[in-house]
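Shown next as structure tokens: one chain only, the form predicted alone.
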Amino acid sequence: MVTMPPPISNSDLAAALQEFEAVVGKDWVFSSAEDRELYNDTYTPFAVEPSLQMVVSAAVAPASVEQVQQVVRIANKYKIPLYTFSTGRNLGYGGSSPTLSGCVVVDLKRMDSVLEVNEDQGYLVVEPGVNFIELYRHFEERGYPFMVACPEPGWGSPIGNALDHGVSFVMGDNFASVRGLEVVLPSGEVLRTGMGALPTGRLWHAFPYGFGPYVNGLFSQSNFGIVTKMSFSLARKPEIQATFSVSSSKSDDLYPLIATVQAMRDEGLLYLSSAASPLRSPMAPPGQPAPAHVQRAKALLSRRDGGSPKEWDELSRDSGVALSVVTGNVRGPSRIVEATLEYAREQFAKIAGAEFRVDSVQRFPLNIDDIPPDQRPQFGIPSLWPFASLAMGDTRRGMYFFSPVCAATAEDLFAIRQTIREVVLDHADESMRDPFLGWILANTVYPKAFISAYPIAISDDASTNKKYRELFTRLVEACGEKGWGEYRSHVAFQSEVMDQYSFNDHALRRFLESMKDAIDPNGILAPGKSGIWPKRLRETQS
């Protein structure tokens, strides 16, 4: 986890900064201690251990593709490592801090143009500095008939979010909607992918492929280039959007509930779904004693077996709290939505005792005041509610996330929860266990996989933070051994996460390292990103 600054002389750094100033202007090169502090991780797992933190040596903010090219060429000249971000708002996963201390940050906030919105073909072209809130305003002011595929929260960049495999409640997997990319390579050359490689590029943003290998994915979660433009396919605003839920007081009903909702996903009837076990996520109201059913639930979760189905069923009946829940989301013309809801009701009626209900039906155009802030991202309306809600609790120094992925089946969901429980019971102090023993909502933004994000609190105590980091590593390793990998990770742990992808003596990593060495021989772009280290740092850092 600990990274050391690369061997850069002060004179080389000073010379590079002077040349950066000649390119972008003196006002857009930041090297004072006060400026550098703004680029360090707000939620660092090393909050009270400054010697372990990943810190920047300076920052530069280019305003155009041409300026990015020149910055990259200057960095090559002095072998200055660069770390690029779009808006730096990926809090919980590293924010704007680099994967290696001593990097010069390339801050793309000035490249903030919405370059094109094509209504006929339903695509968008943006620069990295555009954020979801600005994009939403752009759409609404001009009356575009599209939804913004914003995550929670909405202050990040569409490009940055997609490149880190972020998700939304509008499109699900946001990278899946990417069409064309413009990329500044480590050499300073500009590459356009797909049909953009044609000099005219008429279909660059409408058709995802060109000729030869499809390379878009090589620039996601990688350090192979700096993306300066990206196009996305867009979701049109529907006539109606509706959400239904199905609940049961039986533990074993989660199996048919998930199977049924997944079948509807496979049929193309739903665009999102989720599964949860509310009773297995025992929460007491802030500042109030835990109700009896919460205490009973925590006692079961603290056991090695996590409680038997019979015990959970009894607790659900006694408390009146649902034990197994799935949700489904449907949108489209009113007749289609109504027919889909009726079909869903019929399918779930086959599960004895399951309760079907329609939770929300919203007709477009929306009245934003009718939609609670925490639900707005479901309709393409950016919100900062997740951070506001966290501020109401005891977040102290913030948090980072353990984010495993499992198959969208009840079998896999129960299995990964049991693996997590065993690790926590064996290796975590009692005061650390609660967030991991309970069940976190599992979203199926990907059609065949559940993703979860367990928040790990950061405190003012260095020994406690170290214990959490050690627990994080054990969880990553235990889940990795059983085939459940992390889909994204805080910058401090990316090499550890990549270590789990070890099939055939780490063939994937070796392939990526070969590419890194070929296209970035000086190793200047984001050393260590996703565990991909350049040759000159590989032995000391990986």
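Given the structure is predicted, the values throughout are model-derived calculations rather than measurements. Heads up: residue numbers just count along the shown sequence, starting at 1.
There is another form of this protein, the form predicted together with a small molecule, and it is not shown here; the text below is about that form.
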Checklist outcome for this item: Of 334 to 342, 303 to 311, 423 to 431, 124 to 132, the segment with heavy atoms within 4.5 Å of the small molecule in the predicted complex is residues 124 to 132
Item to check | Partner proximity in the predicted complex: V227 to the small molecule, non-hydrogen atom cutoff 4.5 Å | outcome: yes
Checklist entry - Would S273 sit within 4.5 Å of the small molecule in the predicted complex, counting heavy atoms only? => result no
Next on the checklist: When the contact criterion is heavy atoms within 4.5 Å, does D412 count as touching the small molecule in the predicted complex?
Outcome noted: no
Item to check | V330 within 4.5 Å of the small molecule in the predicted complex, heavy atoms | outcome: no
Checklist entry - Taking S86, M399 and K529 as a possible spot, do all three reach the small molecule in the predicted complex with a heavy atom inside 4.5 Å? => result yes
Item to check | The single option of V261, L279, V71, I159 touching the small molecule in the predicted complex, heavy atom within 4.5 Å | outcome: I159
Checklist entry - Heavy atom within 4.5 Å of the small molecule in the predicted complex: which of P238, P256, P151, G438? => result P151
